[in-house]
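Form predicted on its own, single chain, as structure tokens, below.
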């Protein structure tokens, strides 16, 4: 595999910003005046409270302004918000669910990845490096019934921690795919075990991490969106046991329910894991 895949913060950030603009997530916003007033006022008050309580100096204030400008110039607002805020938004959005726990989407989701029926192998390079991983399970409703032809979207980083379409010299749909479960909701997907990675550190978010003495690591994980007609979409990340950063993920997205159980492959090289998804019916 070529090692010429270094992704700059600006390139990744601007790609994430462009994808968000194209996603349509902003087109349906209906701004309720009272709600905007409430949220904006609380945010501004919280910031002013910090200034007064911590006696923020003009030098610190101007450093903040310069940093906020750089976040925008680097296109890193999607990264910043997804890493440090989305986990709380996700918790609010899904706290009513009886089925599987979800997790953040993150900035690297691309819709309409190539579709295959199970069993399947995700799109990858002929010389894709890493440990072969068989990811399998069943999709059910909360009443225990199988969800036939459920859709599983899967994407993840490669062994060097890079995502296709956000780092150079990687095929467009590498380690990305959409998979259709069988009539019993079962699925089998052959892929490669991803690596832990650092979020880009050469941009504004990296400056914050360095200045605060934090680390930039995310544990290895699989990204998923699981859906079926009449059921709520589940967005999740699944993690690997023993990862050094499961307990201090920079994105605060790891939950005990999202840890996989990894076993040696029943056939051939590599490992395998079984993880079932339980989806909540849509509210009527």
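Every value quoted in this text rests on a predicted model; they were computed, and no experiment measured them. Numbering follows the first chain given and starts at 1.
Below, we refer to the form predicted in complex with a small molecule, which is not included among the displayed structures.
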Stretch in contact in the predicted complex with the small molecule, which is absent here, among 136-144, 169-177, 67-75, 103-111 (heavy atoms within 4.5 Å): 103-111
Listed residue that, although the small molecule is not shown, lies within 4.5 Å of it in the predicted complex (heavy atoms), from 150, 199, 204, 122: 199
Site test, 118, 187 and 225 vs the small molecule in the predicted complex, non-hydrogen atom cutoff 4.5 Å: no
Partner contact for residue 181 in the predicted complex: the small molecule, 4.5 angstroms, heavy atom: no
Distance check, residue 237 to the small molecule in the predicted complex, heavy atom within 4.5 Å: yes
